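Quick setup: one chain, the form predicted alone, written in C-alpha coordinates, and binding and motion questions come after.
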Amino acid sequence: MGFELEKKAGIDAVTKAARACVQMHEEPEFREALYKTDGSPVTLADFFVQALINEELTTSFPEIPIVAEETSLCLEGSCGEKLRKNLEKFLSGKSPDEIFCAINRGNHGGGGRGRFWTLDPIDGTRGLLAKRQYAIALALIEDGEVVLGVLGCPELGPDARNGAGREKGFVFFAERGQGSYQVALSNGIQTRISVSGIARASEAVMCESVEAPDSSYEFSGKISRFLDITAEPVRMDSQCKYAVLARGDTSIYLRPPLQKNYKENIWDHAAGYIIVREAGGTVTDSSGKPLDFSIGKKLRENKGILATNGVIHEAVLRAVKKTVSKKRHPG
(Lines give C-alpha, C1' and ligand atoms only; values in the text may rest on other atoms or scores of the structure.)
Protein backbone atom coordinates (compact mmCIF):
# COMPACT_ATOMS: atom_id res chain seq x y z
CA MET A 1 0.00 0.00 0.00
CA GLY A 2 1.36 3.41 -0.96
CA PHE A 3 0.92 6.72 0.75
CA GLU A 4 0.48 9.10 -2.19
CA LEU A 5 -2.47 11.00 -0.70
CA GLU A 6 -0.85 11.28 2.72
CA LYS A 7 2.44 12.34 1.12
CA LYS A 8 0.78 15.08 -0.93
CA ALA A 9 -1.14 16.37 2.09
CA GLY A 10 1.98 16.32 4.26
CA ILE A 11 4.18 18.07 1.69
CA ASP A 12 1.50 20.67 0.99
CA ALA A 13 0.97 21.42 4.70
CA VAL A 14 4.69 21.67 5.51
CA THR A 15 5.38 23.78 2.41
CA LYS A 16 2.55 26.15 3.31
CA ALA A 17 3.87 26.47 6.85
CA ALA A 18 7.47 26.96 5.65
CA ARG A 19 6.46 29.73 3.22
CA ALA A 20 4.48 31.44 5.98
CA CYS A 21 7.49 31.26 8.28
CA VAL A 22 9.67 32.90 5.62
CA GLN A 23 7.17 35.73 5.22
CA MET A 24 6.82 36.31 8.96
CA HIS A 25 10.43 35.69 9.96
CA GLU A 26 11.16 39.37 10.44
CA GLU A 27 8.05 40.03 12.52
CA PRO A 28 9.23 40.59 16.13
CA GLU A 29 6.02 39.03 17.50
CA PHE A 30 6.77 35.84 15.61
CA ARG A 31 9.92 35.24 17.66
CA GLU A 32 8.68 36.29 21.10
CA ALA A 33 9.33 33.40 23.47
CA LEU A 34 7.82 31.85 26.55
CA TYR A 35 9.70 29.18 28.47
CA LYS A 36 8.19 25.81 29.30
CA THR A 37 8.67 23.95 32.57
CA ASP A 38 11.71 22.11 31.15
CA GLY A 39 13.38 25.42 30.31
CA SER A 40 12.94 25.10 26.54
CA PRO A 41 11.53 28.10 24.61
CA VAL A 42 8.27 28.16 22.68
CA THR A 43 7.22 30.92 20.30
CA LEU A 44 4.28 32.17 18.30
CA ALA A 45 5.84 30.31 15.35
CA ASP A 46 5.52 26.97 17.17
CA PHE A 47 1.82 27.49 17.88
CA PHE A 48 1.09 28.99 14.46
CA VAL A 49 2.66 26.07 12.57
CA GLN A 50 1.08 23.43 14.81
CA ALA A 51 -2.40 24.94 14.45
CA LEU A 52 -1.97 25.32 10.68
CA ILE A 53 -0.66 21.81 9.98
CA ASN A 54 -3.02 20.09 12.42
CA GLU A 55 -5.94 21.82 10.73
CA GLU A 56 -4.73 20.85 7.24
CA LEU A 57 -4.15 17.20 8.18
CA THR A 58 -7.42 16.85 10.05
CA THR A 59 -9.33 18.24 7.07
CA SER A 60 -7.73 15.70 4.73
CA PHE A 61 -7.51 12.73 7.13
CA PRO A 62 -9.89 13.17 10.08
CA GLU A 63 -9.39 9.53 11.05
CA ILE A 64 -5.61 9.82 11.59
CA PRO A 65 -4.64 11.18 15.05
CA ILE A 66 -1.64 13.43 15.65
CA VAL A 67 1.20 13.37 18.18
CA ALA A 68 2.54 16.92 18.35
CA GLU A 69 4.95 18.65 20.71
CA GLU A 70 2.95 21.67 21.87
CA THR A 71 -0.29 22.20 23.81
CA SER A 72 -2.29 25.37 24.35
CA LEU A 73 -1.46 25.37 28.08
CA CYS A 74 1.36 27.87 27.53
CA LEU A 75 -1.15 30.29 26.03
CA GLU A 76 -3.37 30.31 29.08
CA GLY A 77 -3.02 32.91 31.81
CA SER A 78 -1.33 36.30 31.78
CA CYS A 79 2.07 35.03 30.53
CA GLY A 80 0.58 33.79 27.27
CA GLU A 81 -1.92 36.60 26.71
CA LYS A 82 0.23 38.65 24.31
CA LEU A 83 1.30 35.56 22.40
CA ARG A 84 -2.33 34.47 22.18
CA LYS A 85 -3.46 37.83 20.74
CA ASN A 86 -0.69 37.76 18.13
CA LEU A 87 -1.65 34.21 17.20
CA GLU A 88 -5.24 35.34 16.53
CA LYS A 89 -3.83 38.09 14.28
CA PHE A 90 -1.74 35.70 12.18
CA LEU A 91 -4.51 33.07 12.00
CA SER A 92 -7.19 35.52 10.94
CA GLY A 93 -10.70 34.17 10.68
CA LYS A 94 -10.16 31.70 13.51
CA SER A 95 -11.64 32.21 16.95
CA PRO A 96 -9.48 31.55 20.05
CA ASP A 97 -11.43 28.36 20.71
CA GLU A 98 -10.84 27.14 17.14
CA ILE A 99 -7.11 27.89 17.39
CA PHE A 100 -6.81 26.12 20.74
CA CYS A 101 -8.73 23.14 19.36
CA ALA A 102 -6.41 22.93 16.34
CA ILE A 103 -3.30 23.06 18.55
CA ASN A 104 -4.64 20.43 20.92
CA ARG A 105 -5.44 17.95 18.17
CA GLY A 106 -1.86 16.86 18.69
CA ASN A 107 -2.64 15.09 21.96
CA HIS A 108 -2.54 11.47 20.74
CA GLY A 109 -0.33 9.15 22.77
CA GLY A 110 1.36 7.27 19.93
CA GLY A 111 1.99 3.53 20.13
CA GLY A 112 2.55 0.43 18.02
CA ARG A 113 -0.87 -0.03 16.42
CA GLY A 114 -2.58 1.86 13.65
CA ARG A 115 -1.49 5.09 12.01
CA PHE A 116 -0.70 8.50 13.43
CA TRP A 117 1.14 11.65 12.45
CA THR A 118 3.90 13.05 14.61
CA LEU A 119 4.76 16.75 14.36
CA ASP A 120 7.40 19.07 15.71
CA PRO A 121 6.08 22.42 14.47
CA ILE A 122 9.39 24.23 15.01
CA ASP A 123 12.26 21.87 15.66
CA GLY A 124 15.16 24.04 16.79
CA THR A 125 13.25 26.92 18.39
CA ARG A 126 16.52 28.32 19.75
CA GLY A 127 17.78 28.39 16.17
CA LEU A 128 14.70 30.32 15.07
CA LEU A 129 15.21 32.84 17.87
CA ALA A 130 18.87 33.31 16.91
CA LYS A 131 18.08 33.48 13.16
CA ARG A 132 19.90 30.20 12.50
CA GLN A 133 18.47 26.90 11.26
CA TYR A 134 15.13 25.41 12.26
CA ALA A 135 12.87 22.77 10.74
CA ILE A 136 9.19 21.88 10.47
CA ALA A 137 9.18 18.11 11.01
CA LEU A 138 6.24 15.86 10.11
CA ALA A 139 6.12 12.07 9.88
CA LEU A 140 3.52 9.36 9.45
CA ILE A 141 3.92 6.22 11.57
CA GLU A 142 2.05 2.99 10.85
CA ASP A 143 2.12 0.05 13.27
CA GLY A 144 5.28 1.44 14.88
CA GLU A 145 7.17 2.02 11.62
CA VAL A 146 7.92 5.41 10.08
CA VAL A 147 6.48 5.27 6.54
CA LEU A 148 6.59 8.92 5.48
CA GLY A 149 8.60 11.99 6.49
CA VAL A 150 8.59 15.66 5.50
CA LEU A 151 11.08 18.29 6.66
CA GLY A 152 10.63 21.97 5.93
CA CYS A 153 13.93 23.87 6.27
CA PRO A 154 13.19 27.53 5.43
CA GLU A 155 16.69 28.86 6.21
CA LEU A 156 18.78 26.04 4.76
CA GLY A 157 20.97 26.83 1.76
CA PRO A 158 22.05 24.50 -1.06
CA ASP A 159 25.29 23.70 0.77
CA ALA A 160 25.64 23.14 4.52
CA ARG A 161 29.03 24.85 4.72
CA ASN A 162 28.50 27.88 2.51
CA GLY A 163 25.40 29.31 4.14
CA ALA A 164 22.02 30.13 2.67
CA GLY A 165 22.94 32.77 0.09
CA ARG A 166 20.08 33.66 -2.21
CA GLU A 167 18.78 30.15 -2.80
CA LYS A 168 17.64 29.30 0.69
CA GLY A 169 14.70 27.18 1.71
CA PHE A 170 14.03 23.50 0.97
CA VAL A 171 11.40 20.89 1.75
CA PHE A 172 12.70 17.32 2.05
CA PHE A 173 10.46 14.25 1.88
CA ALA A 174 10.67 10.48 1.77
CA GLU A 175 8.20 7.61 1.55
CA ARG A 176 9.11 4.07 2.54
CA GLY A 177 10.70 2.32 -0.44
CA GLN A 178 10.49 5.38 -2.70
CA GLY A 179 13.72 7.31 -2.07
CA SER A 180 14.36 10.80 -0.68
CA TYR A 181 13.89 14.15 -2.39
CA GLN A 182 14.40 17.86 -1.84
CA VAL A 183 12.23 20.62 -3.31
CA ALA A 184 13.42 24.23 -3.50
CA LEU A 185 10.94 26.68 -1.97
CA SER A 186 12.06 29.35 -4.46
CA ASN A 187 11.17 27.54 -7.68
CA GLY A 188 9.65 24.14 -6.83
CA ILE A 189 12.43 22.18 -8.55
CA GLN A 190 12.49 18.63 -7.16
CA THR A 191 15.71 16.62 -6.93
CA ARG A 192 16.35 13.09 -5.72
CA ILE A 193 19.04 13.07 -3.04
CA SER A 194 21.45 10.48 -1.67
CA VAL A 195 24.00 10.23 1.10
CA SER A 196 27.72 10.74 0.53
CA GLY A 197 29.69 7.99 -1.13
CA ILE A 198 32.74 8.07 1.14
CA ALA A 199 33.99 4.66 2.19
CA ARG A 200 36.45 5.68 4.93
CA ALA A 201 35.36 7.29 8.19
CA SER A 202 38.47 9.48 8.16
CA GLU A 203 37.00 11.33 5.15
CA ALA A 204 33.73 12.11 6.93
CA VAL A 205 32.30 15.47 7.90
CA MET A 206 30.48 15.32 11.21
CA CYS A 207 27.33 17.30 11.99
CA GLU A 208 26.65 18.53 15.52
CA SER A 209 24.17 20.70 17.39
CA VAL A 210 25.01 24.37 17.83
CA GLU A 211 24.09 24.57 21.50
CA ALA A 212 25.23 21.15 22.62
CA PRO A 213 26.76 20.91 26.10
CA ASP A 214 30.52 21.05 26.32
CA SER A 215 30.55 17.35 27.20
CA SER A 216 28.88 16.57 23.86
CA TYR A 217 31.57 18.43 21.92
CA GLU A 218 34.22 16.67 23.97
CA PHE A 219 32.70 13.28 23.16
CA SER A 220 32.37 14.07 19.44
CA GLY A 221 35.96 15.31 19.44
CA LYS A 222 37.16 11.99 20.84
CA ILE A 223 35.24 10.12 18.14
CA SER A 224 36.79 12.32 15.44
CA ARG A 225 40.29 11.73 16.77
CA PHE A 226 39.68 7.98 17.03
CA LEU A 227 38.56 7.91 13.39
CA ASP A 228 41.28 10.32 12.17
CA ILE A 229 38.67 12.82 10.96
CA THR A 230 40.35 16.13 10.14
CA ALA A 231 37.43 18.10 8.66
CA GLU A 232 35.85 20.71 10.92
CA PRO A 233 32.34 19.72 12.04
CA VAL A 234 29.24 21.41 10.66
CA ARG A 235 27.14 22.79 13.51
CA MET A 236 23.46 23.55 13.08
CA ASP A 237 20.16 23.39 14.92
CA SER A 238 17.25 21.00 14.40
CA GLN A 239 16.57 18.08 12.07
CA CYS A 240 18.27 20.07 9.34
CA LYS A 241 21.21 17.88 10.43
CA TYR A 242 19.38 14.85 9.00
CA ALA A 243 18.63 16.77 5.80
CA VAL A 244 22.23 17.73 5.07
CA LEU A 245 23.36 14.17 5.82
CA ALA A 246 20.70 12.76 3.47
CA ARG A 247 21.89 14.90 0.55
CA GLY A 248 25.58 14.15 1.17
CA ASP A 249 26.84 17.42 2.68
CA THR A 250 27.91 15.53 5.81
CA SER A 251 28.38 11.84 6.63
CA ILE A 252 27.91 11.51 10.41
CA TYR A 253 25.34 12.86 12.85
CA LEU A 254 26.02 11.74 16.41
CA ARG A 255 23.84 12.61 19.38
CA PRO A 256 25.45 10.84 22.34
CA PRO A 257 23.43 9.79 25.42
CA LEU A 258 25.02 12.18 27.89
CA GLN A 259 22.18 12.13 30.43
CA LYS A 260 21.58 8.68 31.86
CA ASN A 261 17.78 8.76 31.99
CA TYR A 262 17.05 11.06 29.06
CA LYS A 263 14.83 9.62 26.33
CA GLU A 264 14.43 11.21 22.91
CA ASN A 265 11.03 12.40 21.66
CA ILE A 266 9.71 10.67 18.53
CA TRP A 267 8.89 14.00 16.83
CA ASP A 268 12.55 15.06 17.13
CA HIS A 269 13.73 12.21 14.89
CA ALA A 270 10.97 10.44 12.92
CA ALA A 271 10.99 12.64 9.79
CA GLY A 272 14.78 12.90 9.59
CA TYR A 273 15.13 9.16 10.25
CA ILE A 274 13.21 8.05 7.16
CA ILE A 275 14.69 10.78 4.94
CA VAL A 276 18.22 9.56 5.75
CA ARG A 277 17.27 5.89 5.38
CA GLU A 278 15.58 6.41 2.02
CA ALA A 279 18.62 8.39 0.86
CA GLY A 280 20.75 5.27 1.49
CA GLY A 281 21.96 6.00 5.01
CA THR A 282 21.68 4.18 8.32
CA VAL A 283 20.14 5.43 11.56
CA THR A 284 20.37 3.60 14.89
CA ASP A 285 20.84 4.58 18.48
CA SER A 286 24.39 5.11 19.70
CA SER A 287 24.76 1.42 20.61
CA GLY A 288 23.56 0.18 17.21
CA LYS A 289 19.99 -0.72 18.17
CA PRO A 290 17.20 0.10 15.71
CA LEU A 291 15.07 3.08 16.71
CA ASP A 292 11.73 1.96 18.16
CA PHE A 293 8.87 4.37 17.40
CA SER A 294 6.18 2.02 18.78
CA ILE A 295 6.35 2.95 22.50
CA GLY A 296 4.38 6.15 22.89
CA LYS A 297 5.91 9.60 22.56
CA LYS A 298 9.46 8.61 23.55
CA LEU A 299 12.19 6.39 22.13
CA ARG A 300 12.18 4.56 25.45
CA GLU A 301 14.26 1.59 24.29
CA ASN A 302 17.01 3.72 22.75
CA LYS A 303 19.96 5.79 23.95
CA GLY A 304 21.33 8.56 21.79
CA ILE A 305 21.28 8.69 17.99
CA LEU A 306 23.80 7.78 15.30
CA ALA A 307 23.10 8.51 11.64
CA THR A 308 25.67 7.95 8.88
CA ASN A 309 25.92 7.35 5.15
CA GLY A 310 25.67 3.63 5.96
CA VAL A 311 29.04 2.50 4.61
CA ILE A 312 30.95 3.84 7.62
CA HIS A 313 28.27 3.08 10.21
CA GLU A 314 29.97 0.08 11.81
CA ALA A 315 33.30 1.90 12.03
CA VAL A 316 31.67 4.85 13.79
CA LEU A 317 29.76 2.50 16.12
CA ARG A 318 33.01 0.81 17.12
CA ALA A 319 34.53 4.20 17.89
CA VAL A 320 31.51 5.20 19.98
CA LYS A 321 31.52 1.95 21.95
CA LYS A 322 35.27 2.13 22.65
CA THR A 323 34.99 5.78 23.71
CA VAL A 324 32.09 4.98 26.04
CA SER A 325 34.04 2.03 27.45
CA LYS A 326 37.08 4.21 28.17
CA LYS A 327 34.87 6.79 29.84
CA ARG A 328 33.40 4.16 32.14
CA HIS A 329 36.73 2.41 32.77
CA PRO A 330 39.50 5.03 32.55
CA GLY A 331 43.13 4.04 32.68
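In this text, residue numbers run from 1 along the sequence as written. Quantities reported herein were computed from a predicted structural model and do not represent experimental measurements.
What follows is about the form predicted in complex with adenosine monophosphate (AMP), which we do not show.
Partner absent here, but in the predicted complex, which of 63-71, 291-299, 48-56, 261-269 has residues with a heavy atom within 4.5 Å of adenosine monophosphate (AMP)?
Partner-contacting stretch among the options: 261-269.
Any chance 126, 211 and 236 all have a heavy atom within 4.5 Å of adenosine monophosphate (AMP) in the predicted complex?
Yes, because 126, 211 and 236 each have a heavy atom that approaches adenosine monophosphate (AMP) to within 4.5 Å in the predicted complex.
Residue 253 versus adenosine monophosphate (AMP), in the predicted complex: is there a non-hydrogen atom within 4.5 Å?
Yes, residue 253 lies within 4.5 Å of adenosine monophosphate (AMP) in the predicted complex.
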